[in-house]
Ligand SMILES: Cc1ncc(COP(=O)(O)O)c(C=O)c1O
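This document opens with one chain alone, in structure tokens, the form predicted on its own.
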């Protein structure tokens, strides 16, 4: 047999993409952010700009010796620390490659062609794309802007009788709106999902970055459903890529299997650093909320000075859902690109997160206070115009 090297074009012709990726593309959040100039004010990507807390730094700085794979479900001591945080048993927790690793594994395990997954609108863009990759259909529960986009249990429950809905994702406080939900609403959703045998996933990655009262945790009010989270936000360590899922061990088992094939295991050293962070949770979260408050103050003062507005804080997160000027509504994405290229400010059009976000711009105030103030100053003339 006479084999010859294949050219790139020949390989592409012979290796057509699978149908399940035909609807996917790189997130517009990344497309807008990563095309910005280095001088741009970074009000787009949501990642803490305060330093990695000292317990995590110490582990990384002092590490020596081997860097093994580690257990596929996570280091036992880290699983126990996560379980203790939720007052759960160690068998109810497994460690994942960030919270997205948990979401991906759960949806791949439980939904497929012909199924539907109920998502918030507006909601985190990754939910939709993971559902599409699993070849299921995303359907949307519209959140009401007159209620500041807070989760509405009655509206969500009214959509659950569609027999094709296999899973529901709730996110509180929410990316992109910062809106929370009440304990009563969360409990109602959990009980209604239990009665119908629908998988409930509660994404609580922003729960400890809050204003006012601490948001409820699904684990506190129900034994049904799965909580996903990570050290990326309130523990200030997005680059560690360490997350988790907590719930019924039997529900988690198939997701564990999928996650092990996708990643083998999360980074051993990153898990050690995450363990140190979780062991220092109380102090780390207290300082994180101080950083959060300083950044919110910078945004509020800048909006008051340059736009004559005095915004209310969100329930949680470091996102401000900002009303677009009227002339931007015809092309919100084009307007965000204009802000990036002319004003040198990166912010994300709310339309990226769903049709209900069309009239908004998501401004991340995770940036440094001086960057937030300068970003609002640069943007203000586009509103005044």
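Positions refer to the first chain, counted from 1. A quick note: this is a predicted structure, and the numbers were derived from the prediction, not measured.
Here the subject shifts to the form predicted together with the named molecule, a form of this protein not shown in this document.
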item: The named molecule contact in the predicted bound form: residue 46, any heavy atom under 4.5 Å; value: yes
item: Contact flag, residue 222 vs the named molecule in the predicted bound form, heavy atom cut 4.5 Å; value: no
item: Residue 256, heavy atom within 4.5 angstroms of the named molecule in the predicted bound form; value: no
item: Contact label in the predicted bound form: residue 281 to the named molecule, heavy atom within 4.5 Å; value: no
item: Heavy atom within 4.5 Å of the named molecule in the predicted bound form - residue from 105, 177, 271, 171; value: 171
item: The named molecule: the contacting residue among 94, 149, 127, 235 in the predicted bound form [heavy atom, 4.5 Å]; value: 127
item: Partner-proximal stretch of 258-266, 198-206, 132-140, 290-298 relative to the named molecule in the predicted bound form, 4.5 angstroms, heavy atom; value: 198-206
item: Residues in 236-252 close to the named molecule in the predicted bound form, defined by a heavy atom within 4.5 Å, in order; value: 241
